[in-house]
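Given as structure tokens, the chain that follows is alone and in the form predicted alone.
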Amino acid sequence: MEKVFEFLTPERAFKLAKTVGTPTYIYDEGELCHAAKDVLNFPHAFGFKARYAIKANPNAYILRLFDKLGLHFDASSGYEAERAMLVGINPEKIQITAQEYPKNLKYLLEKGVLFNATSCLQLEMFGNEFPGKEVSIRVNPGIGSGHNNRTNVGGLSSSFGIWHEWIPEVKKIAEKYGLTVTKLHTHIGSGSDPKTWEKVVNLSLNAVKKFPHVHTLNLGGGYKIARTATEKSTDLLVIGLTVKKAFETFYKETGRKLDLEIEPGTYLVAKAGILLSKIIDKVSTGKDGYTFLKLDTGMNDMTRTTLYGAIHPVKIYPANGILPKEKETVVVVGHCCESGDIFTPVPGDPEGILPIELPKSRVGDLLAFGVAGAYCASMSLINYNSFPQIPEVLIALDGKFILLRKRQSLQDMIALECEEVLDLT
């Protein structure tokens, strides 16, 4: 996994640490462009759109970059859609698929944003507010895929989408309000198994057969990126050819040419990001305990390890420039006053501790977590223990360093706190 740190050389790491401080997120524009090219080359039979899942990393620069490269956008809330619009994204390139029916949906639809209903109640609410319109629906096909239950968004244990057995209810609601279902959406979670994707696309196409006006099938995201040597990345070519063949077979059987949409998030940004931190302390609990490396970052900046038991590759940048040959087995922990603030959990088990072997380090050395571009900065527990939100920096194609987000100040942190008396009469 050493390759994921290539864009952050020791020289760059220490210059950035001196200039913007640690911790900070660092992104590589070259890797973002490379991943976008891969996604846009996804094999397809007929029409095709790739939507970037904004929730993976909503930084304005990244949204505008992907917009210029030809991507469309998937928003997980009305706020996320409006945020994208505020940074210059054409509303017509945005589709909302949200657990919460957007409070600002009327405004968004008037601007051109698309809506995807994820429950029968959402469809009923949409029909009541916008009778006679075209609409997209998200269907839970009955299976899911993910490295644990918290990343699985299909099957019996998932609340996402309309359970496939409720399609007759969908038809009743559509008829009641004169709605026309023109798009169908499924999303099963994070996975790289082509057989699972083959099963999902066939289940989804069977659902499409029940809606004669559907012209687009959206297969969602979940295209896994390996973060450790034991994990396997999704091969987009293999998955895409499987999907392409299924769409062609569907056309031969029905005479219907369906457009394809996909919604990758992790695949587009994960490898382009690194979280850079500094070792601030080193403590031991004796010969029967552990050696702990304490960092100036924690679960407030990167929550995935605490939430999922996720593992990220680790690299030490020695302050003296000499990487020692001597190794040590350590538990890497964060700066939060929280026993769960651990960066080296048992994979998939956030409550377990699994020490790792690293070059022997000292206080003042830098430590980086790789493959941290997705669901890291965007999923942070901002201001826990009153730690400020950290900066984000981009290494541009021309080698320049661009500050994408400033470090939050304490004044910023308390700016919205107030003592206004509310009139509830």
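In this text, residue numbers run from 1 along the sequence as written. The model shown is predicted, which means the values in this text are computed figures rather than measured ones.
Omitted here: the form predicted together with another copy of the chain. The next part is about that form.
Only one of 218, 266, 204, 140 has a non-hydrogen atom within 4.5 angstroms of another copy of the chain in the predicted complex; which is it? It is 140 that has a heavy atom within 4.5 Å of the partner.
| task | Find the only residue in 237, 346, 280, 323 having a heavy atom within 4.5 Å of another copy of the chain in the predicted complex. | result | Checked against the cut-off, the match is 280.
Residue contact check: residue 9 to another copy of the chain in the predicted complex, 4.5 Å heavy atom
The answer is no: residue 9 has no heavy atom within 4.5 Å of another copy of the chain.
Given that the partner is absent here, does residue 296 sit within 4.5 Å of another copy of the chain in the predicted complex, heavy atoms only? Within the cut-off, so yes.
Please run the contact check for residue 44 against another copy of the chain in the predicted complex: heavy atoms, 4.5 angstroms, yes or no?
-> Taking the distances in the predicted complex, the answer for residue 44 is no, it never comes within 4.5 Å of another copy of the chain.
query = If you check in the predicted complex, is residue 292 within 4.5 Å of another copy of the chain, heavy atoms only?
reply = Output for residue 292 is yes: heavy atoms within 4.5 Å of another copy of the chain.
(message) Only one of 97-105, 129-137, 192-200, 315-323 has heavy atoms within 4.5 Å of another copy of the chain in the predicted complex; I'd like to know which.
(response) Heavy-atom contact with the partner occurs in 97-105.
Margin query: For a quick check, can you give me the residues of 196-223 that have a heavy atom within 4.5 Å of another copy of the chain in the predicted complex?
Written below: Heavy-atom contacts to another copy of the chain in the predicted complex: nothing from 196-223.
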